[in-house]
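One chain comes next, on its own, written as structure tokens: the form predicted alone.
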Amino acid sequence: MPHPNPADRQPEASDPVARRAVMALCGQARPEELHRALAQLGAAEGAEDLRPPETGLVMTRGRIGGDGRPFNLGEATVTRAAVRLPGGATGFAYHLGRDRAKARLAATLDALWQVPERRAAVEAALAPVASRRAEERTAQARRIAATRVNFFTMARGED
């Protein structure tokens, strides 16, 4: 029997990798992009707050050289929200910054993604955000490549 193609696999309700990707995309989205996505889904209203959006601080950690001992780099402002849809699906969102409305919008999209029948529609509504982010990464890579200096060592001849 042939092995199934992993790309053809439909994500399950508890697929943490796919959910993490959607939540990360919501965190990178602009508030107006989240508004458009919810309007496209026809689900801008109806979510109740389980935890109203709130802002706090988290400690960021770093490593020297990427593999050294961890150290506290500093604090970052984070806003979080938790909502429940009328059907019972819950959504959560955390993002850097103080935009409480954005956190609530992202949590609503996460809750909609939790409903298996709406998952594809949520991902399609967020596709413009993914496209914008891909274009930004490409442009940044071009800017970095334009300033790249290639150092090389020439072999010294012993005269």
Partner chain sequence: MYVAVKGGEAAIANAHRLLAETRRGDTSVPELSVAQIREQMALLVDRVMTEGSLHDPDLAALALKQARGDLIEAVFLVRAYRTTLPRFGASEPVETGAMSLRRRISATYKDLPGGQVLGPTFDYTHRLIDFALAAEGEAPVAAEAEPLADAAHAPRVTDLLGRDGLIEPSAPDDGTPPGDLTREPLDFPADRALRLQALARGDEGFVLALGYSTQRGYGRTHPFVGEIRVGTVAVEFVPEELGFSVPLGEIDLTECQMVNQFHGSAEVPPQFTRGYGLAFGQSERKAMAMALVDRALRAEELGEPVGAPAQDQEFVLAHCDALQATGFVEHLKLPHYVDFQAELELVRRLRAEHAARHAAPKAGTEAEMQEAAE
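Residue numbers count along the first chain shown, from 1. As the structure is a computational prediction, the values presented were derived from the model and not from experiment.
Note that the form predicted in complex with the partner chain isn't included here; everything after this is about it.
**Request:** Let me know the one among 101, 127, 59, 134 whose heavy atoms come within 4.5 Å of the partner chain in the model of the complex, would you?
**Result:** By the 4.5 Å heavy-atom cutoff, the listed residue in contact is 59.
**Prompt:** Can any non-hydrogen atom of residue 120 be found within 4.5 angstroms of the partner chain in the model of the complex?
**Reply:** Heavy-atom contact with the partner chain at 4.5 Å: absent for residue 120.
**Asked** Looking at the partner-bound form in the model of the complex, is residue 40 within 4.5 Å of the partner chain by any heavy atom?
**Response** Taking the distances in the model of the complex, the answer for residue 40 is no, it never comes within 4.5 Å of the partner chain.
**Request:** Tell me, yes or no, whether residue 49 is in contact with the partner chain in the model of the complex, where a contact means a heavy atom of each within 4.5 Å.
**Result:** Flag for residue 49 set to no.
**Message:** Just checking whether residue 68 would be counted as a contact of the partner chain in the model of the complex - the rule being heavy atoms within 4.5 angstroms.
**Reply:** Yes, residue 68 sits close enough to the partner chain in the model of the complex that at least one of its heavy atoms falls within 4.5 Å.
**Message:** Given a 4.5 Å distance limit between heavy atoms, list every residue of 74-95 close to the partner chain in the model of the complex, or none if there are none.
**Reply:** Contacting residues: 74, 75, 76, 77, 78, 80, 92, 94, 95.
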